[in-house]
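Just so you know, structure 1 and structure 2 below are the same protein chain in two forms, each on its own as C-alpha cells.
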Structure 1
C-alpha cells in the first residue's frame, strides 16, 4: 500500500511539473520585460532599442522597459544580462562591435555563440568636428594626427564602442595614434564635441544627423562605402574619396540588435522571433530608421550567428592588429 501511494505521489508531482512547464510556455510573457541598453540614453543603441521595444512589446502583449546601464564601454550592462536568470524577462540591446569584442577586452570568456541574437540595423561611423574647428577636410584631420601623435583627441562611448572602432580606423589611416577620451555613451561624447572638449568624434552618423544638417557640426567623412544624402542638398561623403586604401576597413559602423543568453525554451524563443519580425516591419520603426539614416538589415537567429562569424572576425582583428587589445581572438575560436 505504501509503495502504491509513493508511486501515486511521484506521478502527481510529475504531472504537476509538466503542467507548470506547459503553463510557462503558454503564458510567456506574463509580466514586464526589461531591455538593458549598456550605454546612456540618446545614442544609436538606445534609439534602436526604444524603437524595437515599442513594436515588440505590442506583439508580445506586454511592456518592454528600456533600462540604461552605462559603464566599462558597454560591458557592465551586458554582463548584468549575461549573469541574470535566463527566463526571457531580461534582454540586452547592444551594438555588435562592442559586444563581439568583449572577450578580447578581457570582460568575459563567453562569445556571441553563447547568445541568441536578432540583428536589426546598421549605422556607419561618421567623423565630425565642432563647427569652429580648424579642420575642414578629412585630410586636415589626418594630417594633424600625423603631425601631433597622441595629442589629437577623439571622444567616444568607450573602449570597444562603435566610436572607438571609428577612431582606430583614423589611427590606421594616419599611421599615428590619437588621444582617446571616453564617455558614458554616444550622446555624452557628442555633447563634449559640441563643447570643444575633444577635437573630433568618430561615433555613428545617426547620433548627429540633425546637427550635420543644421551646420552645428562639420562632417568630414563617413566610414560608409558610399556617399549618403541626409537631406536635399546635404550629402556626406565616403572616406574612400580621399583614402581609397581604407577599403579594407569600410563599411565600418555599428550593427545593433536584441540578445538573450542561450537557455530559453524553443517555444518562447519562437515568440520572440515573431515579435522581432513584427517590429522590423512596423511602419513606425521603419520611419524612425529612415529619419536617423539607419539601414534596416533584419536577420533571424540563424542568420545573425552566420553574419557574426565574419563580423566578429573583422572587429576583433582590427582591435588586435592595432594593439588596442592584447588577447588573441584565436583564443576564442575567432579566425581571420
Structure 2
C-alpha cells in the first residue's frame, strides 16, 4: 500500500512538472509581470508606474504588479532588474535623471543604450520656499546664494534625485554653492520645507502642486521653458523670465518611462510596444497626468534612445561639471 502510494505521488509530481514546463513555453505573457519601482510607494515615479501598469496590463491580458524596492537613490532596484533574467516578466519603471547617471556614479558599467526604453511623461522642477520665507522672488534666492556661498540649504530627495538636478541648476545660475541636505524621499523633503528646516526645495512641481495653490508654500519659479497654470489665477513663472541664460539647462525635470534590459525577442518587444501605445492613450492615465501636471510625451524605443542621447548628456555633464561625480561621462561614450 505504502509503495503504491509513493509511486502514485512521484507520478503525480512528474506530471505536474511536465505541465508546468509546458506552460512556460507558451506565448508571452502567460503570468503576472512584476514592474519594479526603485522608490517608495506614493512618489512621482511610483504613481506614474501604477497608472501605466494598469493600462498596459489590460492590453497584455495579464496583471502587472508594482513592486517597490526603495534604496540607494533608485540604483538598488534598477540593478536588481538589470541582473534578473531577461524574460519580460521583470520590468523597471524609473526616472531618467537617476537612471542615466548611474554609470557616472559608479553603480554599473551599463548605460541607457543597454536597455529597451519607453518614455512616457515629463514633470518639470519647481523651486519652492516656506510660506514665511524672506525670499519672495527667484532673484532674492539667487542673490542670497551668491552672498552666502555654501550656507543656503536645499532639501532634496537625495543624491541624483530630480531635486538634486534642480539645485545644481540653481548653483550654475548663481555661480555659488548651496548646502545640500538630503532626505529619504520627496515627501520628507517637502515636510522639512513646510517646517522651515531648509531654505528652499527644488523638487518636482507635481509633488507640491496643491500646496502651492493653497498658499502653504511659495513657488518662486519652475525650471520649465514656459509658464504653467496650476489653477485659474495661479500661474508659476518660468525661470527664463529672470535668467534667460538658464536656457541651456531648461526644461529641467524628471522624465519617466518603462525599461527592460536588452535581450528580449523582437516579437515580444512588439507586444510591449502595443501595450505601451495603448496605455499612453488610456483616459484614466491621461486624467492622472493632468491631475499631477505631467506632460505626456510618449516615445517609442527608437525615439527614446534618441531623446536620451541629448538628455543623458545634459544630466551627466551637469553633475560632472558641478563636481558631484568624478567619473567622466566620456568614458561611457556620453558626449557633450
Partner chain sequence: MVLQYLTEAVFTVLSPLNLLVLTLAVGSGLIMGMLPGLSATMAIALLTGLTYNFPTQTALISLLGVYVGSISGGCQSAILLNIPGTPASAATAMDGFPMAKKGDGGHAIFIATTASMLGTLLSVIFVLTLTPFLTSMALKFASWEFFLLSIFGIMICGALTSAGNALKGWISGILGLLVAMIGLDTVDTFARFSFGNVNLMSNIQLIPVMIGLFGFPEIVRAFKKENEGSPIKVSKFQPKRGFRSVFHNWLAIIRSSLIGVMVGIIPGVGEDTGGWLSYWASKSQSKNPESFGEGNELGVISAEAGNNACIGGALIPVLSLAVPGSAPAAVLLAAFLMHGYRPGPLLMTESPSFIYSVSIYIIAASLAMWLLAMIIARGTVRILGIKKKLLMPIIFLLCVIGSYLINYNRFDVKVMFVFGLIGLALSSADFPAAPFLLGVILGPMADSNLRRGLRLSDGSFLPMFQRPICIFFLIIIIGMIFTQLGVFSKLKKARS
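Please read all numbers here as calculations on a predicted model, not as lab measurements. Residue numbers count along the first chain shown, from 1. Throughout, rigid core stands for the largest set of C-alpha atoms superposing within 1.5 Å between the two forms.
Between the two isolated copies of the chain, the first is the form predicted on its own. Once both forms are overlaid on the rigid core, the distance between the two CA positions of residue 295 between structure 1 and structure 2 is under 2 angstroms. After superposition on the rigid core, displacement of the C-alpha of residue 174 between structure 1 and structure 2 stays below 2 Å. Relative to the superposed rigid core, residue 149 undergoes a CA displacement smaller than 2 Å between structure 1 and structure 2.
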